[in-house]
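First, one chain by itself in structure tokens, the form predicted alone.
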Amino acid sequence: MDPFIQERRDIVRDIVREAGLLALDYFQRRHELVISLKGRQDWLTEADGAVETFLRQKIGQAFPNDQIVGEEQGGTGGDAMWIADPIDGTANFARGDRQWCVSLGFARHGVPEIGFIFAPAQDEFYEAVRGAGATMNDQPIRVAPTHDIRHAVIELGWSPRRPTGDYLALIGRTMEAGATVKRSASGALGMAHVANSRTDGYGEVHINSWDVLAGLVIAREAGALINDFCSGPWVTEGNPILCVTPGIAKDLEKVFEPRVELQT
């Protein structure tokens, strides 16, 4: 492994674990938290800000020349950048649902290199380095061997940044193709669940970089096919995402809008 990447993987892995435990402490005291809305169904708790600040401080101390972009405190990125979602699935977090996580990815020259997703309320820690495979709790994971979309489970994320009708139409096309559809309100975990074969695909017509950079590495290293998310102004403006097990990739590609091309 490239020493530049290995050093970051080894050090930041522990930082993500600490951040997850900090988030879990807030989760267990969530009745004490100030909870608000940034927009329609766009939740915010004081835990989000505290966890992101923790990540920024610890990574900044370890790698002062790396750039950091976060959902809550922003940033524009750079040649060596970490992109963080301190709590992905804040609506779940605020309501006591355990389906949330800390998501942190690293990209070098625009190429996703390292991914960490920690769901502490479920005791699941996902990680991957480009070219080195993906694990959950230190055990290798792979996508499902599904080859018939009529047997597939697809998660479709919803974004208030796009018309609700577009989302409902996508659900309809996916179900007409034969799959069943679910939504669990965490894009990062949605991609992790493709990686560990709990689902066969994850799609969203628009998603932000902090929701998916870690998942891009983890899912791809587990064998998923993914569109070229890292194109255009993806760091600050996001893109569509489609992540799928290879056996049903062509079927899901046909029904997904906006049209994307999956990378092999």
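Sequential numbering from 1, following the sequence displayed. The structure presented is a predicted model; accordingly, all values stated were derived computationally and were not measured.
From this point on, the text means the form predicted in complex with L-MYO-inositol-1-phosphate (LIP), which you will not see here.
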Check: Where, among 154 to 162, 73 to 81, 171 to 179, 133 to 141, do residues come within 4.5 Å of L-MYO-inositol-1-phosphate (LIP) in the predicted complex by heavy atom distance?
Finding: 154 to 162
Check: Can we say R30, T45 and V51 each have a non-hydrogen atom within 4.5 Å of L-MYO-inositol-1-phosphate (LIP) in the predicted complex?
Finding: no
Check: Taking 4.5 angstroms as the cut-off for heavy atoms, does I87 touch L-MYO-inositol-1-phosphate (LIP) in the predicted complex?
Finding: yes
Check: Any chance I149 has a heavy atom within 4.5 Å of L-MYO-inositol-1-phosphate (LIP) in the predicted complex?
Finding: no
Notebook entry, point to check: Taking heavy atoms and a 4.5 Å cut-off, does E204 contact L-MYO-inositol-1-phosphate (LIP) in the predicted complex?
Noted result: yes
Notebook entry, point to check: Any of the heavy atoms of V129 lying within 4.5 Å of L-MYO-inositol-1-phosphate (LIP) in the predicted complex?
Noted result: no
Notebook entry, point to check: Can you pick the one in A94, A185, A119, I114 that has a heavy atom within 4.5 Å of L-MYO-inositol-1-phosphate (LIP) in the predicted complex?
Noted result: A185
